[in-house]
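Taking the form predicted alone, here's one chain by itself in structure tokens.
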Amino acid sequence: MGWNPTELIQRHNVPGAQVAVLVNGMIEEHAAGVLSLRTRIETTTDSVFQIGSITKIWTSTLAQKLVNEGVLDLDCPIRQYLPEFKMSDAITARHLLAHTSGIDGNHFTDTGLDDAAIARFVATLSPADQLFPPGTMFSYSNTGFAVLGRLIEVLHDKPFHDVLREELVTPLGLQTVSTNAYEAILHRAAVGHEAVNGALTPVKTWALAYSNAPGGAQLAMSAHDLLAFIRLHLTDFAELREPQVDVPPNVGPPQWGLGWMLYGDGVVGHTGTTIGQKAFLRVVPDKGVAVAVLTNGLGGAPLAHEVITDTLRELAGVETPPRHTPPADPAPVEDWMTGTYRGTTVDYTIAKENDRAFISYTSRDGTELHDRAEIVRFDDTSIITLEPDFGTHYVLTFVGRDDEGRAKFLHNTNALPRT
């Protein structure tokens, strides 16, 4: 393979990275850089990085194990198992796994670190957090996976982290998997980095709230152990990779399974973003090939794209689609696209100024105004940021029209309704 981890982290301004490749049942490991620009501790192959939303594959696996044991029916209402669940009585575990529940996606309420944290988090949800009826469309929901985590706790009568360890970590003999910061600190733990005045700086908070652990707030491990877990999916749990829903164009993979992103050409995977860390997983089950890239910097996406593209081409004969870039001669942003769209914590406003258009981000509590970005048309229903942010142009898609012809939703994997 043509990539060199040391050269990649330097070119993409990433402090440290791990890469692991699974082929013919064997795992090859690489590491480069440092775990923190403050401590300058070397990144090694047994260091642990947060995997973010790749955790959802672990949670989906736990749910499928309950299905296989006859304990859980994916198509029964969640309320059958969680009577205290306050939202739509039509929501099922399948809806949660496929991100079609309609639950507003990004609640990160901190409800503590004890064994009851996830239960308390689920109790904070209300019917007001329902964006649309279950099964209507795809909208990525971290919150929905927290509900799944609570379901798993109830059906096992144990805290989520104990189930994770007893059902997967220990049987697979995984040595670096850490379910919280207290476990991660026993290893060489990577620290995320953010941009401060244009310079990469170690973050001041290591992880998101534990209440979202089932969706990706805490789990950390080495790239090797991530692929040692994925090896299980080369022989079992194929049902999780069956297509469940189409995704609006340009904002992610074309389809979603039960916890898995389905990229086409036999490639499945997931990505994960936590506080200053980015993780990437791609698997070609029919070829027995997988690659994991774990990074602690904002340039992780273009770095991972290079590694994944080269690895899958060489080992699986699969071409990875190019990353999105603005068209050379874009059509103008139209009036029906403009307006304010509401996210869980941030409002997105699209406005035109003469012959240019911009997107701005305002926190829902009004205390923070993010820098705006210029946007152009990507295609008939999508826009793209004109300038890259750490190597990435972000695409957002408009979904549906209201009675006045305006877009109903702005979609960035989360469906953001027009206010």
Partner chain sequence: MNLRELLEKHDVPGAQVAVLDNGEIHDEAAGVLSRHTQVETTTDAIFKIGSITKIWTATLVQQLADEGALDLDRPLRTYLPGFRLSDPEATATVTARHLLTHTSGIAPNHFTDTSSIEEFVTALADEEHLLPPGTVHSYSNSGFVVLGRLIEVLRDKPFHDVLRDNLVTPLGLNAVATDVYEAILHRVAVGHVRTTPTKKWAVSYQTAPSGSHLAMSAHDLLTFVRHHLTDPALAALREPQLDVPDFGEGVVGWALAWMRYPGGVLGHTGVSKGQKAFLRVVPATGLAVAVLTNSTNGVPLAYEIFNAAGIETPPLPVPPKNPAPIDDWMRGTYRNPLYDITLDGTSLTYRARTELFPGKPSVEVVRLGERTIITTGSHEVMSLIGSDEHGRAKYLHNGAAAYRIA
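Positions refer to the first chain, counted from 1. This one's a predicted model, so the numbers in the text were calculated from it and none came from an experiment.
The protein also exists as the form predicted together with the partner chain; that form is not presented, and the subsequent description refers to it.
> Between L227, V247, L258, A207, only one gets a heavy atom within 4.5 angstroms of the partner chain in the predicted complex; which residue is that?
Of the candidates L227, V247, L258, A207, A207 is the one lying within 4.5 Å of the partner chain in the predicted complex.
> The partner chain isn't shown here, but in the predicted complex which of L172, L113, A90, L315 has a heavy atom within 4.5 Å of it?
If I apply the 4.5 Å criterion carefully, the residue I get is L113.
> Though only this chain appears here, would V203 touch the partner chain in the predicted complex if you measure heavy atom gaps against 4.5 Å?
Yes, V203 is a contact residue.
> Classify V67 as contacting or not contacting the partner chain in the predicted complex by the rule of any non-hydrogen atom within 4.5 angstroms, answering yes or no.
The answer is no: V67 has no heavy atom within 4.5 Å of the partner chain.
> Consider A181 of the chain shown here, and say whether it contacts the partner chain in the predicted complex, taking contact as heavy atoms within 4.5 Å.
Within the cut-off, so yes.
> Please check if L186 has a heavy atom lying within 4.5 Å of any heavy atom of the partner chain in the predicted complex.
Flag for L186 set to yes.
> Which single stretch, out of 305 to 313, 228 to 236, 188 to 196, 265 to 273, brings residue heavy atoms within 4.5 Å of the partner chain in the predicted complex?
The contacting stretch is 188 to 196.
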